[in-house]
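Okay, so here's just one chain, in structure tokens, the form predicted on its own.
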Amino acid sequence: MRFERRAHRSTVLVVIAPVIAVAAALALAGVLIALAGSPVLTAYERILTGAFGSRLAATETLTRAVPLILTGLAAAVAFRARLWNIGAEGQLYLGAIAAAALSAELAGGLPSILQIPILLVAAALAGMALLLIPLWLRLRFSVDEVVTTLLLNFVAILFVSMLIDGVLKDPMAFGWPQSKPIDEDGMLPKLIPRSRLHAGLLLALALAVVVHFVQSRTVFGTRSRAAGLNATAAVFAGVPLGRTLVQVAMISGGLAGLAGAVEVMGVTSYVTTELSPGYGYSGIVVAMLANLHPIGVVLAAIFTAAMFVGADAMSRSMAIPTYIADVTVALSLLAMLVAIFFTQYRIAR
């Protein structure tokens, strides 16, 4: 028995791979729920109800999905070009603090129609800048960007912590380390009254469509895919590899920076070191579950958000640890990696 690369990957196989991966992850997680002494089907029913069973639950799930869509897109764009951006968490925080600082110090007082775009652009530029550093180290000194992007996460979060404990500390926070709040005119409008769901969802969906168009219908998209498939062959074919990777890094880092901006401008209104429960790392899982497809990222982000939100409801009603959601998402990633492998290879005698 041996593994043999498939001459052609069928569209059906590529589409059903994520479905099989999620089903396998749910089945494996069900074993853990059963070992905890709880009925599996009831537990999954509580997760589904907790994520979509009411207006509040559905809006909370979609609110949680917004930063996951953006960080998932950031990872998908970079990974497709074999730029291993593990630093979306740090880029998210840098984008959030850039938006908060600009609103508090410079843009405050501007009308919403001007202030919101300015803050979003500033956040995107901050995320870009952070990713361009490890890319420069890779292009100039062949430094592995997996290590540099990962370590820069901690540098970025510590930098944000220094700012919110110093020059950007909110004097009205009673000593709590948080940034000055976003100006009221800099907050994203709510999509549904009396909910936390904000216009960042529309922005995330629009960007998913734009990224899909760019990757599938433009010269840059073809170049980035070529760089990811075989960098040496791409250079031989005339692809400007360095310039293409710089453009990929700007898009990927910008998307991650936007994730921080929409979270602080749409939900919290201020920055703390607890702003993200790991959206940057979860975005990698989302991208892999989507097989790096931008539209698939939206569905994978909603699934991941539903697991996190629904697991909270399940835990309260059935006394099952909420960590089951983390386990299910992790199992989904592992199952997806196996599924992707079998879309590329088959077992031959």
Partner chain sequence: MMDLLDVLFSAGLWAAVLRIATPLILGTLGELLCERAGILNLGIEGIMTFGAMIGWLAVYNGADLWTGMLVAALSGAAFGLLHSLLTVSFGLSQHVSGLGITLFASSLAYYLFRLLVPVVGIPPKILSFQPLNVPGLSDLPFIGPALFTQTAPTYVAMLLAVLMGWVIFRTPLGLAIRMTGETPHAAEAQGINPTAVRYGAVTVGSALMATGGAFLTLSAFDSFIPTMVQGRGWICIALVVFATWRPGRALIGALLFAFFDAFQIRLQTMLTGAIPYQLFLMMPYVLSIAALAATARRARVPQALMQPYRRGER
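Residue numbers count along the first chain shown, from 1. These numbers come from a predicted model, not from an experiment.
FYI, the form predicted in complex with the partner chain isn't displayed, but the following is about it.
At the 4.5 Å threshold, heavy atoms of Leu337 reach the partner chain in the predicted bound form.
A residue is said to contact a partner when one of its heavy atoms sits within 4.5 Å of a partner heavy atom; Thr232 fails this definition for the partner chain in the predicted bound form, lying far away. Interface residue remark: Tyr44 is not counted as part of the site for the partner chain in the predicted bound form, having no heavy atom within 4.5 Å. At least one heavy atom of Tyr281 is located within 4.5 Å of the partner chain in the predicted bound form.
Only one of 112-120, 143-151, 264-272, 212-220 lies within 4.5 Å of the partner chain in the predicted bound form by heavy atoms, and it is 143-151. A single residue from the set Leu48, Ala319, Ala27, Ile295 has any heavy atom within 4.5 angstroms of the partner chain in the predicted bound form; that residue is Ala319.
The putative spot formed by Val155, Met288 and Val327 is fully lined by the partner chain in the predicted bound form; each residue has a non-hydrogen atom within 4.5 angstroms of it. In the predicted bound form, the residues of 16-47 lying within 4.5 Å of the partner chain by at least one heavy atom are, in order, Leu32, Ile33, Leu35, Ala36.
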